[in-house]
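Starting off, we have a lone chain in the form predicted on its own, written out as structure tokens.
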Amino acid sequence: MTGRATRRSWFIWFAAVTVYLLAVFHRTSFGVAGLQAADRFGVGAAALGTFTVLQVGVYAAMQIPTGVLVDRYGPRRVLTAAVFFLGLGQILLAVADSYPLGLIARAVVGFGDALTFVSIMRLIAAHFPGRQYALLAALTGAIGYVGNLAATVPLGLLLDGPGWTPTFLAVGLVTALYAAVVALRVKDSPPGGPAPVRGRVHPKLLGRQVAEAWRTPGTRLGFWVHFSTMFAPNVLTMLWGVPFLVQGQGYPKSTASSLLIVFVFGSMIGGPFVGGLIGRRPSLRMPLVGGYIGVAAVIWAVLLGWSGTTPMAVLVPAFAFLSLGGPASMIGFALARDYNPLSRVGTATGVVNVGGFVATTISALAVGVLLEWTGGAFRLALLSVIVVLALGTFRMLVWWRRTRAVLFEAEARGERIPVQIRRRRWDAGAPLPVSS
């Protein structure tokens, strides 16, 4: 879209982003409810980790299909289904009294969550000009973290008060009912804009669209940016943050829940700042990502190498900086938008969004398994975070160099490129992308 967004487009975005707020609330609710879930279902650390692994695994597996569904059926229909399944999953969790039923409930939550973010990114691409895309993506993430905030101390108080069943039943019903608001208020096209043409899509064409998005170097770079930046905050806020602080550090549960709020406010403040900055200066996208990853690696080394209980004076600034991984991961979506046509943005966004949640799945499972093997040694178990971070950083650097090579080739042909870059020493002989 070119020009300026209308007031109606902003209302549509707000109605849609409320779904994302609900999705983040449900996604991160186990960060506080994890210990109670272990007691309710009678499971240990590895089995508890399976809740998050399954939920996030369903989310990651559904990202590419979601992108295709959004491009085919439009974000309004997909968002309506998303909010319904989010509510259904929490209703099932409210009445679950066995471990298998609890797993099914979290899988349903993961399915509804999976349909949300890509749909909103597609709405933003259709309703707002390109220069506002990064800022709106960041604002979406920031508003989503309000849901994360509600899933810390407020949810903890409700679980300690009314209890498991009333709490999850109430939030599930409210969420499911919001589907009616989405169906009535959200529109796929901007006011006065042409309605999207959606013909019947054959499986071969779907596969070709996904393959084209995956072969695009900018999409692949966005995937590894997302993989490397957002998984570590997810691992802490979705599952292992409270157990690490309570069982590994000896803090009271109320203090641990309060510490997770640092992630919320860090992301809410950092998101609009990062989005506005890269919207004005796209050339800063990769330097920001590289700076975040470098400092994050140092922070993890300090946290895992600290002898005894890590003091608050260290934990608070460490968590505040790590929280910027969410805003930094939005750079991956900006890359997907820049390097793909609008008709493929939903699919490419889905591909990018797989990255961080694949990393979250791997890391969350590894932490749980290592906790079982080491008898609850959190510092050893959380070393898996550093291993995943190293892998993602290496692959990101590979595709950053290949994306630059493609940009230099396009510039030499006189084509318009999304970001102006200067050739550096490491660009000499940079390989062009391959399909592997």
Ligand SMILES: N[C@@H](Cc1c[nH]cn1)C(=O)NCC(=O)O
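The first residue of the sequence shown is number 1, and the count goes up from there. Just so we're on the same page, rigid core means the largest C-alpha set that superposes within 1.5 Å between forms. All of these numbers come straight from a predicted model, not from anything done at the bench.
Not on display, but discussed next: the form predicted in complex with the named molecule.
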| query | finding |
| --- | --- |
| Site test, W224, R337 and T347 vs the named molecule in the model of the complex, non-hydrogen atom cutoff 4.5 Å | no |
| Touches the named molecule in the model of the complex: G218 (any heavy atom, 4.5 Å) | no |
| Exercise: F168 in contact with the named molecule in the model of the complex, heavy atom 4.5 Å | no |
| Residue contact check: Y20 to the named molecule in the model of the complex, 4.5 Å heavy atom | yes |
| Proximity of F51 to the named molecule in the model of the complex, heavy atoms at 4.5 Å | no |
| Of I120, L86, L93, M230, the one that lies within 4.5 Å of the named molecule in the model of the complex (heavy atoms) | M230 |
| Position in contact with the named molecule when the complex is considered in the model of the complex, options G355, P75, G141, G110, heavy atoms within 4.5 Å | G141 |
| Residue stretch of 252-260, 358-366, 177-185, 141-149 approaching the named molecule in the model of the complex, non-hydrogen atom distance within 4.5 Å | 141-149 |
| Members of 307-339 lying within 4.5 angstroms of the named molecule, judged by heavy atom, in the model of the complex | G326, P327, S329, M330, F333 |
| Core-superposed C-alpha of V274 shifting 2 Å or more between the shown form and the other one | no |
| Rigid core fit then L236 CA moved by 2 Å or more between the shown form and the other one | no |
| Core superposition between the shown form and the other one, C-alpha change of L86 at least 2 Å | yes |
